[in-house]
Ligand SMILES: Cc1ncc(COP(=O)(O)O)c(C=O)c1O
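In structure tokens, the next block holds one chain alone, the form predicted alone.
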């Protein structure tokens, strides 16, 4: 007996490629405790308040969680400055992206995605039978607003924008975002992924949250993975006009965010000390790394996130592999078409120093 035939578009979807795990590198190279600077995780670990909440509620995991995650939505609304009914909670922001695609894309529709950005936008869109219209980057690394505007047609249903963008770390200015929104037709959903928005230090950055009261086409997604150290629990949010949230809730799986994730998220959003410490650690670490790259004569992309994209040159793959052998995990960017670059997540001070010392030795 043969297995059933999948939908015609499924075999054309590439699998998501994650960064390498510490356990994999430890086993391969016999390194007891590798340094992971590949997946943009919080270098401080999880919020202590979240850990206490998990401990307090772990005896209740025999019970189903609140399917509406009401308490977490109320807490998120206060944190992000919106209304409770404008928030949906997802099993990570990836699930919210997936829900948006399922709610708004039909086979034959198209989704506009910048060429160099988070790969899951394309995966989630193709899973719905949509056609991807990749828009070239400005100067190879910047999101090109004019190209996006000119690429929209009657079949365009979603425009995806990561702001700041992954993997480049660059942001879209508030003026450019306003110009884009003013140029798009009413039938287009604008999905603004602000997973790294809290790390931004740019004066001209403007969150999509500032637009949602007046613009009913915007869906902002965000997450507690990076800023609050909950990547392993998968706590994400979608924030939009009530009509969009109602549409997503119609297809949201019941009990999609588990009990411990909900309680940890509630506690983490109240942990202002941890968030402040995270931002200071990342900003100071970013400044240290960029100073070190300048001393080594390496080009890098000015980042508004918790990672930095570094141009190592034609030997980038070799540098990446030598770092692995030294127990330092970074991300080689060939899958994004950036074969001369590696992406480095900001770590703790001692991890940042080890990275700079090692890469300096590798480059001679």
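Numbering follows the first chain given and starts at 1. Bear in mind that the values here come from a model prediction, so they are computed numbers and not experimental data.
The form predicted together with this ligand exists for this protein as well; it is not shown, and the discussion that follows is about that form.
Taking the partner from elsewhere, residue 94 is found to have a heavy atom lying within 4.5 Å of this ligand in the model of the complex.
A residue is said to contact a partner when one of its heavy atoms sits within 4.5 Å of a partner heavy atom; residue 121 meets this definition for this ligand in the model of the complex. In the model of the complex, this ligand sits beyond 4.5 Å of every heavy atom of residue 207. Remark: residue 196 counts among the residues lining this ligand in the model of the complex, judged by a heavy atom distance of 4.5 Å or less. Proximity of 166, 223 and 234 to this ligand in the model of the complex is complete: all three residues have a non-hydrogen atom within 4.5 angstroms.
Contact with this ligand in the model of the complex, defined as a heavy atom within 4.5 Å, holds for exactly one of 268, 88, 99, 162, namely 162. Heavy atoms within 4.5 Å of this ligand in the model of the complex are found in one stretch of 223 to 231, 79 to 87, 141 to 149, 173 to 181, which is 223 to 231.
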